[in-house]
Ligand SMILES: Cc1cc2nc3c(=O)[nH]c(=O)nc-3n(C[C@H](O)[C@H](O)[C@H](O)COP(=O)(O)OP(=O)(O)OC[C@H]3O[C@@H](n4cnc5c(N)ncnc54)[C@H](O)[C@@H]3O)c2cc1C
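As structure tokens, one chain now follows by itself in the form predicted alone.
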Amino acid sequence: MHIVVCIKQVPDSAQIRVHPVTNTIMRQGVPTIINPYDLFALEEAMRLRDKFGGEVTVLTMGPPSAEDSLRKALTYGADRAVLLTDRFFAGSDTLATSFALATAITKIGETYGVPDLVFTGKQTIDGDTAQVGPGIAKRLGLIQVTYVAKVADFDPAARTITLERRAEGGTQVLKSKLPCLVAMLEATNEIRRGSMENALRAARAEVVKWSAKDAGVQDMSKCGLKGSPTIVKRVFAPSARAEKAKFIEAPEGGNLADALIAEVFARQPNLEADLTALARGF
């Protein structure tokens, strides 16, 4: 069995800066981490490998410094790491990113064996779009299951996987044929501690580095800013509200909820009449 896990090196969310001209995230000089959602995907992939055998390949697209995150993934226990890095990928939106990663996964399949599963995190903390995983699945023609909270069962002989998917109002239990793409939610498992053996192996391991050409990208117009139709018009921090919060205390012998409702009606003089009219409509 071969599992590919897509991870991303992201800036520490507390120190994100935005370029004033391009409106893209400035990553130089900012501390980076592995996207937290991707760690849950990596752990789930390694649990399946540990139980049923096979290999886990981690893949990321980014600058040369993204090698640090790949080595961290090797420390956790991944078997192989592939870095997709090229100046043509700079400024990619989710459409261009999914194109590049899907192309690289195809190349990984040709080189190391066709993957039975592709794992991703639900989203990244720098973009928050949750679009790249589904985009990869669409380009590769894979079944996709998103918002996955648990891998309930895996049958390598029947080539099926049963997943618990969090949905509005409850949980869906879905069975999918392989190959498929699984996008994991947060807090679905606990990432293991890297062993000393894996840490030493990660330090010595060769991280496979592919340029756009190496990965098999033939149409460069689909990469980077040229292949990114998304335009960010403006990025700004919301201004602080001039009005300060008011601390409301319950009157002696009174009820705090009543005091809060009275304050709301005092600040919104038309609210009571609006609610009365709405109630009459029912």
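Note that residue numbering begins at 1 and tracks the sequence as displayed. Treat the numbers as computed from the prediction; the structure is a model and nothing was measured.
Keep in mind the form predicted together with the named molecule is missing from the figure; the text below concerns it.
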Is every one of Ile7, Thr94 and Gln123 in contact with the named molecule in the predicted complex, taking contact as a heavy atom within 4.5 Å?
-> yes
In the predicted complex, the residue from Glu168, Asp128, Glu197, Glu190 with a non-hydrogen atom within 4.5 Å of the named molecule is Asp128
Given that the named molecule is left out here, which of Val132, Leu117, Ala73, Ile161 has a heavy atom within 4.5 Å of it in the predicted complex?
-> Val132
Would you point out which of 138 to 146, 169 to 177, 207 to 215, 84 to 92 contains residues with a non-hydrogen atom within 4.5 Å of the named molecule in the predicted complex?
-> 84 to 92
Answer for Leu101 alone: is it within 4.5 Å of the named molecule in the predicted complex, judged on heavy atom distances?
-> yes
is_contact(Leu42, the named molecule) in the predicted complex, heavy atom dist at most 4.5 Å = no
May I ask you to state whether Ser69 is within 4.5 Å of the named molecule in the predicted complex, using heavy atom distances?
-> no
Is there a heavy atom of Leu256 no more than 4.5 Å from a heavy atom of the named molecule in the predicted complex?
-> no
For the stretch 30 to 63, which residues lie within 4.5 Å of the named molecule in the predicted complex by non-hydrogen atom distance?
-> Asn35, Asp38, Leu59, Thr60, Met61
